[in-house]
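The chain that follows stands alone, in the form predicted alone, written as structure tokens.
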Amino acid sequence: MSSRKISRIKMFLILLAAGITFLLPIFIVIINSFKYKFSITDTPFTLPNADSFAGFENYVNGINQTDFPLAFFWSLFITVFSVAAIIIFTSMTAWYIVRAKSPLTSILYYALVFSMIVPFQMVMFTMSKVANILRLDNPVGIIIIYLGFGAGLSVFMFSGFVKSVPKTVEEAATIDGCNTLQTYFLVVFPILKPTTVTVAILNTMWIWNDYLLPYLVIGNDYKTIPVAVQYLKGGYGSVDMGALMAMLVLSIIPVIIFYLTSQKYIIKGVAAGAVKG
């Protein structure tokens, strides 16, 4: 057996072990979502049997206790519009920073990059107070806050890709009569599609699963799924584990579907970036 084949087998085994490590917790959550809550505590790592199988009882209880449809709506609303705002405004900012090189754009770029290393815990209380003063403590206002927190990484990623876009393409559009906005939306933005999908996936997974920011800003008035699930915890530390597992399964399904449908664009983006580089 050649050394190359042995290396491929080793790599396959390593990736297989890594895949099992990441997928095992999800599998455990799924099988426990169909068990009675006492069976989850006693035998969390076994498949449901005749005594422990609860059917869809946990899902029904969880949906009723958390008002899941309304929580799903607010999570979807905040995630979709926050990601859309992040993509549009940060891509335009990155294009301006790269094309209009000046001391001001350099300061803006490094300020946005610096924001990535500032822990959220350092600013969360000040942020929540400012959000309350500016009346941003609502589903529309929190979109602006997510735009601020997501700008750093998104501008950084878009800037790297914009540098690979030839200026001649934009100059040709200007000669054809396009103004600045038309040049961006009709020429530049479609070229940014691979990075746009990557930014969308990263921010969707972050915003959809975020608990702390919605809890601090909009609280109980507009509960998102992570906040609603937390209310399954009863008095004296009691938790309905069956309903909790069921709601966790329902909460991760949309993100998994979104990631699987967008994965091919990420692969194309990596290949396109390699060719352009």
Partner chain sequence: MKPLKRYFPIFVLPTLIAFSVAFLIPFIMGLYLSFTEFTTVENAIFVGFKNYITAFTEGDDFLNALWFTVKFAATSVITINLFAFILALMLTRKIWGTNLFRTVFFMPNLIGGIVLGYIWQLIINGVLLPYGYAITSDERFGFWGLVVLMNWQMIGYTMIIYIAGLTSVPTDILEAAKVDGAGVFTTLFKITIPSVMPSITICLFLTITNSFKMFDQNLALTAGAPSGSTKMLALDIYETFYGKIGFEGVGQAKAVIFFIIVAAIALTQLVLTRRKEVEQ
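Note that the rigid core is defined as the largest set of C-alphas that superpose within 1.5 Å between two forms. Residue numbers count along the first chain shown, from 1. It should be emphasised that the depicted structure is a prediction, and the values quoted were computed from it without experimental measurement.
The same protein also exists as the form predicted together with its partner chain; that form is not shown, yet it is the one meant from here on.
Candidate stretches 190 to 198, 158 to 166, 102 to 110, 67 to 75, one within 4.5 Å of its partner chain in the model of the complex by heavy atom: Correct option: 102 to 110.
Sole residue of 186, 140, 175, 118 within 4.5 Å of its partner chain in the model of the complex, by heavy atom: Exactly one residue meets the criterion: 118.
4.5 Å heavy atom contact, residue 56 and its partner chain in the model of the complex: Heavy-atom contact with its partner chain at 4.5 Å: absent for residue 56.
In the model of the complex, residue 84 touching its partner chain (heavy atom, 4.5 Å): Close contact is absent here: in the model of the complex, residue 84 is far from its partner chain, nothing within 4.5 Å, heavy atoms only.
Residue 47 within 4.5 Å of its partner chain in the model of the complex, heavy atoms: Although its partner chain is absent here, residue 47 would stay clear of it in the model of the complex, with no heavy atoms inside 4.5 Å.
Contact test in the model of the complex: residue 263 vs its partner chain, heavy atoms, 4.5 Å: Although its partner chain is absent here, residue 263 would touch it in the model of the complex, with heavy atoms inside 4.5 Å.
Sequence-ordered residues of 200 to 231 touching its partner chain in the model of the complex, heavy atom within 4.5 Å: Counting only heavy atoms within 4.5 Å of its partner chain in the model of the complex, the contacting residues of 200 to 231 are 205, 209, 211, 212, 215, 216, 226, 229, 230.
Threshold 2 Å Cα movement between the shown form and the other one at residue 216, rigid core reference: Result for residue 216: no, shift under 2 Å.
Threshold 2 Å Cα movement between the shown form and the other one at residue 225, rigid core reference: No: residue 225 shifts by under 2 Å between the shown form and the other one.
Rigid-core frame, C-alpha of residue 252, shift of 2 angstroms or more between the shown form and the other one: Passes the 2 Å threshold, so yes.
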